[in-house]
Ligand code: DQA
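What follows is one chain in structure tokens, specifically the form predicted on its own.
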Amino acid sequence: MTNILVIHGPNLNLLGHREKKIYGLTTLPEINALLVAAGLHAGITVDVIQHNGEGEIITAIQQAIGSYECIIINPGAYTHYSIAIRDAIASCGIPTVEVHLSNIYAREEFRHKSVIAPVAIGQISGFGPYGYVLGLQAALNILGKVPTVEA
């Protein structure tokens, strides 16, 4: 069975409540339900976690070794400066897809730089919650599976 880990970073637990013009009305539980359902449809297991702390995210990445074939991560604000999360991704040997709800390149200039992107297989941004489904399709493609995920 293929296992994929989705890691949501800081403040994503507030989706549906925070900055609705940027992040929309969809809540994190709704995104998680979408991902789990899409995984079931594709015949894979999708586990989802959310951490506000950098250390917790690093621990989750390290603990994924041997249990997951791919990671999908939205590092939130850590995208722009967490060398520690970048190094954890580089060290774990698990293909990783970076996902962002908003188009980080259409926002403030400080959000245009991702320290995660150079160690990720690819990056998806700007498609709202559907970006996670695209990330799941990308993960399946990376793993040589036919991407049959539907939203």
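Values in this document were obtained by computation on a predicted structure and should not be read as measured data. The first residue of the sequence shown is number 1, and the count goes up from there.
What follows is about the form predicted together with this ligand, which we do not show.
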Notebook entry, point to check: Is residue 42 close enough to touch this ligand in the predicted bound form, meaning at least one heavy atom pair within 4.5 Å?
Noted result: no
Next item on the list: Evaluate residue 111 for contact with this ligand in the predicted bound form, applying a 4.5 angstroms cut-off between non-hydrogen atoms, and reply yes or no.
Entry: yes
Checklist line | Touches this ligand in the predicted bound form: residue 32 (any heavy atom, 4.5 Å) | finding: no
Notebook entry, point to check: So, in the predicted bound form, is residue 104 in contact with this ligand at a 4.5 angstroms heavy atom limit?
Noted result: yes
Next item on the list: Given that the partner is absent here, state which listed stretch (60 to 68, 96 to 104, 115 to 123, 82 to 90) has heavy atoms within 4.5 Å of this ligand in the predicted bound form.
Entry: 96 to 104
Margin query: I have 36, 130 and 137 flagged as a candidate spot, so tell me whether each of them has a non-hydrogen atom within 4.5 Å of this ligand in the predicted bound form.
Written below: no
Margin query: Residue by residue through 17 to 36, which ones have a non-hydrogen atom no more than 4.5 angstroms from this ligand in the predicted bound form?
Written below: 18, 23
